[in-house]
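One chain comes next, on its own, written as structure tokens: the form predicted alone.
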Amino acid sequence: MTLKRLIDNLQDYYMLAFRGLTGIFRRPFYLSDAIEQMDYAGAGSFVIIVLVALFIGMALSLQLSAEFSRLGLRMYTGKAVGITIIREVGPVMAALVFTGRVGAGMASELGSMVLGHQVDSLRVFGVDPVKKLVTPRIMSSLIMLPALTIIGDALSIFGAYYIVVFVSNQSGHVYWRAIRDVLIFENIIAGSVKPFIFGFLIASISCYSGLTTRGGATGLRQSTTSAVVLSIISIIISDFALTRILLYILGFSV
């Protein structure tokens, strides 16, 4: 890919993402489309988020309990688990699952519409494809990914509780007191901002990849793969950047 083509693609993506986001506040609103996308993104991803979050919380607690036991710091397991899940593991885990389940679906669906000339048909009838197709998907991601992240965080904490109490034989009261101490403003804000950014990135990248599909079935495969890969890369990079920014804003020393 030449530098000029890369710049052109980035420009087209930024314009699509901006129009899709600002379309939330402009008529027509296409609420039925947004609700349909919320059902697909939220209810469709609920089961896998539950399973992944529960077992990640259990595995994380198991590892930390083993290490802290060797150091004589078992009473800090709950605090370490809570901070790790709420501020880092929970948002990233939910975003990665969301990418594989929802982002790939968005890209393949829009790519199929492009190849089937359905997007061109919308233009013929005077309908803005970005407003009709992209905006509801961005809106659904901005709403459903934070909600799924909250559910995932809660289940991870309960999974960790099972390991701490019934496997490591630690006090449940001490664990929940540590979790309560972790639920402070700084940690909640740090864990709440990321899902909104991740949701916007996943939806906008997936929609752009889908709408730029060319070349039949092979092109559809490439656009779907690109949507997932680019979304994962953007999540990891933005997670580091957001973590650094939030630590600075919230006054944590590094």
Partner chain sequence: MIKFDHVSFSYNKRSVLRDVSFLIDSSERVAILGGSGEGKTTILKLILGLLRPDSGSISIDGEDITGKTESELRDVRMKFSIVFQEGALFDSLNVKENVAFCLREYTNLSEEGIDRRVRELLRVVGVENAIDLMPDELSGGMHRRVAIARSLAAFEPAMFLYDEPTSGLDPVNADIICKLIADLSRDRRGFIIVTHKVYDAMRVADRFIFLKEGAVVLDGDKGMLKQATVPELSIFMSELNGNCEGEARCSK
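Residue numbers count along the first chain shown, from 1. Since the model is a prediction, treat every value here as computed from it, not as a measurement.
We do not show the form predicted in complex with the partner chain, though everything after this point is about it.
In the predicted complex, every residue of the candidate spot (117, 125 and 132) has a heavy atom lying within 4.5 Å of the partner chain.
The closest non-hydrogen atom of residue 30 lies within 4.5 Å of the partner chain in the predicted complex. Put simply, residue 171 is far from the partner chain in the predicted complex: not one heavy atom of it is within 4.5 Å. Contact annotation: residue 113 falls within 4.5 Å of the partner chain in the predicted complex, judged by heavy atom distances. Contact annotation: the partner chain lies within 4.5 Å of heavy atoms from the stretch 117-125 in the predicted complex, the single such stretch among 117-125, 160-168, 144-152, 69-77.
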